[in-house]
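Here we start with a single chain on its own, the form predicted alone, put down as C-alpha cells.
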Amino acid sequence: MRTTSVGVFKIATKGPGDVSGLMSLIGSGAVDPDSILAILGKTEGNGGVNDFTREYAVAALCTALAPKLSLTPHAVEQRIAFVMSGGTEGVLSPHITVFTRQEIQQRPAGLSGKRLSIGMAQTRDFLPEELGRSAQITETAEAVKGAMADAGITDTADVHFVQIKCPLLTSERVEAAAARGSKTATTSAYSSMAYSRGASALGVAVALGEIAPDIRDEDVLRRYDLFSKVASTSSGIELMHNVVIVLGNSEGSASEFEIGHAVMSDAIDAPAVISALTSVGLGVAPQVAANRELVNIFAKAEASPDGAVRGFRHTMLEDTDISATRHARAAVGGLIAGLAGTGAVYVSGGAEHQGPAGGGPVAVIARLSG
C-alpha cells in the first residue's frame, strides 16, 4: 500500500476572482502547487443556472496556477478537480478549501489510526438525454469506486464525504437531444440541476452499497427513501461529465487531518452537527479542543419537499422572490456557523437523494495538532 500525505488549507476570498490567498501560500512554500489535487469553493453567486461566479472563480484559479505548473489554464482545469458551489446567503462566507496530496516513503513512526485520504475520478461525458437517468447513476457508481481506489480506501465505512460536480441542461443541449430523436428528463435548465444532482447521489449510494443497484429512471426525484448518507452533488454549466472526489480515512495516509460525518434529518438538526463535530474529537465552538482544530465543515441543505419541518409549515417552496435552495443554504448555514463558531463553512443547496428528504450529510475535517 502506498503512503500519502494529505494537506487541507482553507482560504478566505474577497471575491470570486480573488486568488491572492492561495498565491501567498504558494509563495511562502506552505503549498506546493504540484501537489494540489482538488479545490472546493463557496462563491457569492445565486447558485442557479446563470451563476457565473463559479466559472469565474475556476478561470481565475486556473490562470493563476498555470505558470506555477507550466501548463495552460485549460490543462490546469483537466489536472485539478475544481468544485465551486454558488451561494453564500446569510452568514456564509466565501472561501476556498485546497486539498493537496503527496506520496511519501513511509508512515512516520508512532503515527496511529486512520487519517484523511482523498481520491479523484471522473466519468465520461454524458449525452443530454442521459442526465438524471440510469446511465448517469451507473457511470457515477463506477467513478466513485475508482476514486476510492485512488484514495487507498477499501472499506466503504471509511468514506465520509463524496463531492461531485455534475452537469446541467441548457436549451442548446435539449435541442441537440431532440435533433437525435431523444427526449431529456426535463426541458427546464433549473429542474435539470436537481435531476443531475439526484442521479449522481444515487450513483454514490449504489457504489457504497447504501442501496440496491436496480434503480429505475422514474425513481430519480421520486423515491426519496433512496439516498446516500455521504453524497454531496453540485450542478454546473461548465462541464458534461461528473467529477468525483472521495474523502475518507485510510491506514495509508500520514495526514495530520481526520474526517468524520453525520446525517441531518432536517434543516434544524443541531444534534447531528454536534455528532459530526464529536466524531473527530471536537465540540461546539470554540474551534480548538483537546489538541484538535476545526478546519472546515461540508454540508448539504434542502427545503423539505413535503412543505414542513417537524410538523410546522415552511414557505421556502412557495416564495417566488427567493429560490428554496437559497433559503435552505441560509438556514442550514446559520445553524452550522453558530455551532462551529465560523461562517466560513461549505454549505451547498439542493440535497436530492443526499441524506433523507429535507436533511443532508454533514462532514467535519479536523487537524490533529497533538
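The first residue of the shown sequence is 1; numbering continues from there. Worth saying up front: this structure is predicted, and the values here are computed from it rather than measured.
The same protein also has a form predicted in complex with another copy of the chain, omitted here; what follows describes it.
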Note to self: With the partner left out here, check for me: in the predicted complex, does some heavy atom of P213 sit within 4.5 Å of another copy of the chain?
What the structure shows: no
Check: With the partner left out of view, is P271 within 4.5 angstroms of another copy of the chain in the predicted complex by any non-hydrogen atom?
Finding: yes
Item checked: Heavy atom of S255 within 4.5 Å of another copy of the chain in the predicted complex -> no
Check: Is there a heavy atom of P67 no more than 4.5 Å from a heavy atom of another copy of the chain in the predicted complex?
Finding: no
Item checked: Option touching another copy of the chain, based on a heavy atom within 4.5 Å in the predicted complex, out of G90, G260, G146, G152 -> G90
Notebook entry, point to check: Is every one of K14, T53 and T315 within 4.5 Å of another copy of the chain in the predicted complex, counting heavy atoms?
Noted result: yes
Check: Relative to another copy of the chain in the predicted complex, which residues of 310 to 341 have a heavy atom no more than 4.5 Å away?
Finding: R310, F312, R313, H314, T315, M316, E318, D319, T320, D321, I322, S323, R326, H327, A330, A331, G334, L335, A337, G338, L339, G341
